[in-house]
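First, one chain by itself in structure tokens, the form predicted on its own.
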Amino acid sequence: MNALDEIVRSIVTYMPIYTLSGLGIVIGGRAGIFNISGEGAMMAAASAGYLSAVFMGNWYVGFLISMAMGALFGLLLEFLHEEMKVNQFIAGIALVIFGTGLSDFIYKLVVGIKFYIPDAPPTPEIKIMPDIPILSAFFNQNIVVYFTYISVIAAYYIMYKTRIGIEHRAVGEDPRAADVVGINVKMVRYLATIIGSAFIGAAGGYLPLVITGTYTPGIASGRGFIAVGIAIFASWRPERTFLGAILFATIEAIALQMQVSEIGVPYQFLLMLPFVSLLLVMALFKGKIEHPSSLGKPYSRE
């Protein structure tokens, strides 16, 4: 029971990485913007968030800076697409490369080469129930886990129960029809991409602030690309994104447990598991996947 409880706790701890990044891609995708820059945004947000938290001595500042960095990447993506008429996918790939290089550059510029790397300030934890096996793993967690729960619920409610959400989804389905009825398509796409990217940045900041306690090159380890797969697997719905995140957090937790257990399997194979699993999931559910009609397509009033 203790071993199972530990695995479940690890799953819940890793869950925000995939939920927040996947949710960010879903929010932008529902407005027609296919944001594949998540890996670069997560890397840059991880570096900026970690450095801010360490030098300010404040975990909250680091987390907010991570979200701000993610939002900046969303702004850059949308500006390149809307104003410069760059293809969404080309702009996204460029931002992945830019973010990966920027993250290491910022870190080395500020920290340099040191034998001792400072840890980020501890993450606040909230315990709202007694230590009940399995169940308490979901509710005695760090504050970002609760932020993730609230974000998924809020995203679902706004997207499907409010007028803002209806307009948001309308832009992703048929931007021309939405424009005809008076919806500001460009503004909706800008806001959706920036807000969605802020969530991606939060996932990036979560890595050094909670998971590792420090920044290391390549800290995202491809999770930004897995988030794209989760968004597709979830058919661009917030609640399904949460389920997909649980699935991949489970795979990562099990892979880590196998590595610690020294079962004789090469660690390179264990690192492959999330990506192999992503391909299997996509293959199994390819006939059930839906997406917004205008996803990835440019729109101009001219």
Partner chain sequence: MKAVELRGISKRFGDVVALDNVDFSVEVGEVHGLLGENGAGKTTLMNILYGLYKPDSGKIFIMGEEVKISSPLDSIRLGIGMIHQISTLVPEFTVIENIVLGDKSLGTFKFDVKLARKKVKELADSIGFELPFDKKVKELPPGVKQKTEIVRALYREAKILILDEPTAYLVGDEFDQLLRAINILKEKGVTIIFITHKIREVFQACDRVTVLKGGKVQGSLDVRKASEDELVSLMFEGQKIEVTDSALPKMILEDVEKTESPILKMVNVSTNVPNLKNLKNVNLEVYGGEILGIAGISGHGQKLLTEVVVNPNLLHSGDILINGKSIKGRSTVDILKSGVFFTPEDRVLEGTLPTASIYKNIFLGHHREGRFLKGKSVVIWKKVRSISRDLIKLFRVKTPNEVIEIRKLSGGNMQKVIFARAFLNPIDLLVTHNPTAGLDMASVKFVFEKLLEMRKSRKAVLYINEDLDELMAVSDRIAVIRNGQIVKVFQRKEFNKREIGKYMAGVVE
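Predicted model only: the values in this text are computed from it and were never measured. Residue numbers count along the first chain shown, from 1.
Separately, the form predicted in complex with the partner chain exists; it is not shown, and the next lines address it.
S.K.: Of the options 166, 72, 195, 93, which one has a non-hydrogen atom that comes within 4.5 Å of the partner chain in the predicted complex?
M.R.: Comparing distances to the partner chain in the predicted complex, the residue within 4.5 Å is 166.
S.K.: From the list 181, 150, 134, 117, which entry has a heavy atom within 4.5 Å of the partner chain in the predicted complex?
M.R.: After the contact test, the surviving option is 181.
S.K.: For the chain shown here without its partner, which stretch in 123-131, 101-109, 215-223, 171-179 has non-hydrogen atoms within 4.5 angstroms of the partner chain in the predicted complex?
M.R.: Within 4.5 Å of the partner lies stretch 171-179.
S.K.: Within 4.5 Å of the partner chain in the predicted complex - does that hold for a heavy atom of every one of 9, 285 and 288?
M.R.: No residue of the spot touches the partner chain in the predicted complex.
S.K.: Closest heavy atom of residue 297 to the partner chain in the predicted complex, within 4.5 Å or not?
M.R.: Outside the cut-off, so no.
S.K.: Given that the partner is absent here, does residue 161 sit within 4.5 Å of the partner chain in the predicted complex, heavy atoms only?
M.R.: Within the cut-off, so yes.
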